[in-house]
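Given next, in structure tokens, is a single chain: the form predicted alone.
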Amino acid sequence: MEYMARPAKPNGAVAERNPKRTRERILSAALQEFAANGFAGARVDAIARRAAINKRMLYHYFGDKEHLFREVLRRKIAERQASAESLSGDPAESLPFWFKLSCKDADWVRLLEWEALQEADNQLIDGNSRRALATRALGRIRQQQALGYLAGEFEPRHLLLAMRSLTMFPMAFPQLTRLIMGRPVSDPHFQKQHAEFLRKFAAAFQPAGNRRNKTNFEN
């Protein structure tokens, strides 16, 4: 049961309660607040204001700030997992895709940066579940190596780390990107050029035979 109904409509009628929609509003507001201030700096009052709900309602749905943060993480990770499952495994497809997704999802990148600054050597929230997801991602890398999409000479963990770095760095460090490229990350021309660069650079991760065949085909 919600502690507070939605604000009255302009005609004086009370809006219909919708727990699912309320949860969505809270999670969306929480992502914005955590991305702007990190877990330590985020305030439940501010999240409630962003979501246009009573603070008690937030506690009713999510318990406390840590549980809310955990739900935000799980929601975002689930979205990205669904995207990962739809990819073929060809780095020429996946690298540009993940870069474009990072450009569209700046709040997620900022959230991870805040976590890196504030958690440092501390235990990650929901760490066990996230380690399990990392293990699944490594399993996909090994499968792609077995199928010939990725070179078997690369250790999977370093390969995964390199791919994450290539696709997230511009959004994580927009000031360095602008210094190097002379354009902001938000510039559509830069995004198009970098996606094309990643498509071509993907050959560096592929087996030598695939690289030669692709080069001959493109020439």
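Just so you know, these numbers come straight off a predicted model, no measurement behind them. We call the rigid core whatever largest set of C-alpha positions still superposes within 1.5 Å between the two forms. Each residue number is its position in the shown sequence, starting from 1.
Just so it is clear, the following notes concern the form predicted together with a further copy of the same chain, a form of the same protein that is not shown.
Visitor: Check residue 187 for me: does it contact a further copy of the same chain in the predicted complex (non-hydrogen atoms, 4.5 angstroms)?
Guide: Close contact is absent here: in the predicted complex, residue 187 is far from a further copy of the same chain, nothing within 4.5 Å, heavy atoms only.
Visitor: Is residue 110 a contact residue for a further copy of the same chain in the predicted complex, using a 4.5 Å heavy atom cut-off?
Guide: Output for residue 110 is yes: heavy atoms within 4.5 Å of a further copy of the same chain.
Visitor: At the 4.5 Å heavy atom threshold, is residue 119 in contact with a further copy of the same chain in the predicted complex?
Guide: Yes, residue 119 lies within 4.5 Å of a further copy of the same chain in the predicted complex.
Visitor: I'd like to know if residue 17 sits close to a further copy of the same chain in the predicted complex, meaning any non-hydrogen atom pair within 4.5 angstroms.
Guide: Residue 17: no, not in contact with a further copy of the same chain in the predicted complex.
Visitor: Taking a further copy of the same chain in the predicted complex as the reference, which of 49, 67, 56, 157 has a non-hydrogen atom within 4.5 Å?
Guide: Contact check passes for 157.
Visitor: Counting any non-hydrogen atom inside 4.5 Å, which residue from 90, 115, 71, 105 sits next to a further copy of the same chain in the predicted complex?
Guide: Of 90, 115, 71, 105, the residue with a heavy atom within 4.5 Å of a further copy of the same chain in the predicted complex is 115.
Visitor: Run the contact test on 78, 80 and 147 with a 4.5 Å heavy atom cut-off to a further copy of the same chain in the predicted complex and return yes or no.
Guide: Not a single residue of the candidate spot has a heavy atom within 4.5 Å of a further copy of the same chain in the predicted complex.
Visitor: Given a 4.5 Å distance limit between heavy atoms, list every residue of 178 to 206 close to a further copy of the same chain in the predicted complex, or none if there are none.
Guide: 179, 180, 181, 182, 190, 193, 194, 197, 200, 201, 204, 205, in sequence order.
Visitor: Superposing on the rigid core, does the Cα of residue 100 end up 2 Å or more away between the shown form and the other one?
Guide: No, the C-alpha position differs by under 2 Å between the shown form and the other one.
Visitor: Tell me whether residue 112 is among the residues that move between the shown form and the other one (Cα shift of 2 angstroms or more, core superposed).
Guide: No, the C-alpha moves less than 2 Å.
Visitor: Core superposed first: is there a CA shift of 2 Å or greater at residue 134 between the shown form and the other one?
Guide: No.
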